[in-house]
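Here we start with a single chain on its own, the form predicted on its own, put down as structure tokens.
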Amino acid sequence: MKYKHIFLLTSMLLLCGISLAQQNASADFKPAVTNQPGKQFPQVNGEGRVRASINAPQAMKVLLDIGGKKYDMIKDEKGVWTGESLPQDEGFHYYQLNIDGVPVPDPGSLYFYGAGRWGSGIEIPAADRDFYALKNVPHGLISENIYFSTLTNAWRRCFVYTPAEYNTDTKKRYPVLYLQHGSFEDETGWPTQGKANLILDNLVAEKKAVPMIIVMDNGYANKPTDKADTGNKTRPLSVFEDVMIREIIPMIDAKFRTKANRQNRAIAGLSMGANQTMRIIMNNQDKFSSIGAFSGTANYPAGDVLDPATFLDGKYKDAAAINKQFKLIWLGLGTKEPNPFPASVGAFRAMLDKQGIKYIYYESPGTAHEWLTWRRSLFQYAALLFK
């Protein structure tokens, strides 16, 4: 009997401990930094769980849709639905609510353009977030530049970051990084979700990067009259490479104090943007000296063995010329990225290794195909440019 009482007492203490831990975890929830001003939901706790809440008294079923999984929300007596997710990876995530089968943005969140729409996003605090934090350092400016493209017969815009010193030393000229977003995103991605300006502000303030101009344009640029054949269907023909070379670069060199030569011009992009920029630089080697490919290469989505004699029309077959021509070839990938990204990047690296082409490879620990991977990639890449 004595042992039975000891067992019961131990079990009760264990249950009390679990209950207390659950209460502490619940109390740990705080409004996300990506919330609209004054909004208490969504919230994030120390485990990275997301708690959402919405007033929808007439709804029959409400779900929290985040990280590829949907979570049931529960309605209280006032008609307020609340639910929470499993722990999410650190960094920025798009999400939405689903009300009676209809996906809608969360009215408590700021809105971001991603997944082909304006919708909700949430920041899960990262342990290394200091490198993109807003700090008391000199800050650069981001300007919105609207221009008419004769190639697309449409108005377009790009965002341009100029470093903090740009308007104080008016005789100095600066190198330029052309930085591209991924698929189903636009030119707002890097200045908003990517925090490109804060990353550069902090790097420059710590003297870890050369002050530079960053140009962030929209990678979707279609010629209105021509179509690309895709079997049974046709789609608008992308002319983004021509827009970059014939319109964007001349415009930036004319409007800003740039060092207008290839040695002081770099290009980088994430996912779709990595594919685009790799093709652009190899077809225009007289325009750029460095490339950064974040979570993508020009062979996406194929992960097969690449033949340097035929890949990109043989642009990589002369290793000695590539090593001499480019200051920096930089590749980045998250350790949790799903295929085909590791496969395509792996196949590209294998070709470079076989050819003896020099490059730098970086892995972002614990991140997938998401903005923390790309913030870290920009941080690493920008620190090496123009030196």
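Computed from a predicted structure; not experimentally measured. Residue numbers run from 1 along the displayed sequence.
Quick note: we don't show the form predicted together with another copy of the chain, though the next part is all about it.
Proximity of Arg246 to another copy of the chain in the predicted complex: non-hydrogen atoms within 4.5 Å are absent; the residue sits far from the partner. Another copy of the chain is not shown here, but in the predicted complex it comes within 4.5 Å of a heavy atom of Lys255. When contacts are judged by a 4.5 Å heavy atom cut-off, Asn167 counts as touching another copy of the chain in the predicted complex.
Not displayed here, another copy of the chain is kept clear of Tyr174 by more than 4.5 Å at the level of heavy atoms in the predicted complex. Residues with any non-hydrogen atom within 4.5 angstroms of another copy of the chain in the predicted complex fall in just one of 134-142, 208-216, 264-272, 299-307: 134-142. Distance criterion of 4.5 Å from any heavy atom to another copy of the chain in the predicted complex singles out Ala56 from the list Ile329, Ala56, Leu352, Ala343. Residue in contact with another copy of the chain in the predicted complex (any heavy atom within 4.5 Å), chosen from Ile280, Val239, Leu198, Val204: Leu198. Heavy atoms closer than or equal to 4.5 Å to another copy of the chain in the predicted complex belong, across 84-102, to the residues Ile99, Asp100, Gly101, Val102, ordered by sequence position.
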